[in-house]
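Shown next as structure tokens: one chain only, the form predicted on its own.
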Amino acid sequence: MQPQTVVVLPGDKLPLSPSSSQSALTLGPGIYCNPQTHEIIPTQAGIAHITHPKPHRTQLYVDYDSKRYIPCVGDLVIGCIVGTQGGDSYRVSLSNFSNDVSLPYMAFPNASKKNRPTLVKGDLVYAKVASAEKELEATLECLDPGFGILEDGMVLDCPLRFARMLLFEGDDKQKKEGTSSLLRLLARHTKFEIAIGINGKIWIKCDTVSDTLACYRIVLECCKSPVSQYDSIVKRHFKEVAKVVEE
């Protein structure tokens, strides 16, 4: 089935519901399901996407532009350790002007009271949102492979929409426009590690400081530029860095 898109406002009626859908329905950001009536309602103004990634499976989410990040269960985020709380968890900042969240000491692989990661103020962690109730403090976890402390590298802030596009939507959208994804363009010039947080933070690390700086500048400029300019931006920054290294 072909993906569907429709412009929605908060409270609009959508043509889907868990009871009427013939396939498993997964709700994403910007969508609320009334637990009593099972009515699906958009909570944000934007473009609602109805996709079918697999047979008998449907995804529904709203692509909206927001400057404030609100934690949702399952989100991949980059946070900064700002302290400890109650002797059993770390306090983590996900974005400016937002409430801190908690990261329990036991939310790491094979963690115990005697064996757990020792994090200090200022450390960066890549984590998943484990719980996010409206009236309670959100909690994080680093149990799955690939999560945990982010060492060295550089971190930058970007619009939330750009982070979502880079993590989830980039490939499909850019294939239609005949261009390569930003990450694929970077891979043509250097090897790198990257962590993308839905909270508008991106961490990147290369083998050399010069390549790390080039990637940092590229991502920072691409988040403000159209997709059609990605290729030229990548080539220009790597040429500039190469000239500096030669000198």
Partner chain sequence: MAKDIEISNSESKFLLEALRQNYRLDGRLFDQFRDVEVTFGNEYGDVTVKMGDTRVHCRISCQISQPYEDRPFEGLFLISTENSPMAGPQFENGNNTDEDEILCARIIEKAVRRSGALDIEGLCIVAGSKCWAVRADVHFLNCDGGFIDASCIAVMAGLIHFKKPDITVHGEQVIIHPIEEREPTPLGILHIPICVTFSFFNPKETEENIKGESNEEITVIDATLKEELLRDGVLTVTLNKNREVVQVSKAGGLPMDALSLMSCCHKAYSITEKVTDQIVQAVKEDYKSRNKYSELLSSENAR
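Residue numbers count along the first chain shown, from 1. In this text, all values refer to a predicted model and were calculated from it rather than measured experimentally.
Beyond what is shown, the protein has a form predicted in complex with the partner chain; the following relates to that form.
Q: Would the partner chain in the predicted bound form be within 4.5 angstroms of a non-hydrogen atom of every residue among Ser98, Asp152 and Thr212?
A: Verified in the predicted bound form; spot residues all in contact, yes.
Q: Which one, Cys80, Ala138, Leu166, Cys158, lies within 4.5 Å of the partner chain in the predicted bound form by heavy atoms?
A: None of the others qualify; the residue that does is Cys80.
Q: Is there any non-hydrogen atom of Pro145 lying within 4.5 Å of the partner chain in the predicted bound form?
A: No, Pro145 stays farther than 4.5 Å from the partner chain in the predicted bound form.
Q: Can Tyr61 be called a contact residue for the partner chain in the predicted bound form at 4.5 Å between heavy atoms?
A: Tyr61: no, not in contact with the partner chain in the predicted bound form.
Q: Taking any heavy atom pair closer than or equal to 4.5 Å as contact, tell me whether Gly122 reaches the partner chain in the predicted bound form.
A: Yes, contact at 4.5 Å.
Q: Would Thr84 show up as a contact with the partner chain in the predicted bound form if we use heavy atoms at 4.5 Å?
A: No - in the predicted bound form, heavy atoms of Thr84 and the partner chain never come within 4.5 Å of each other.
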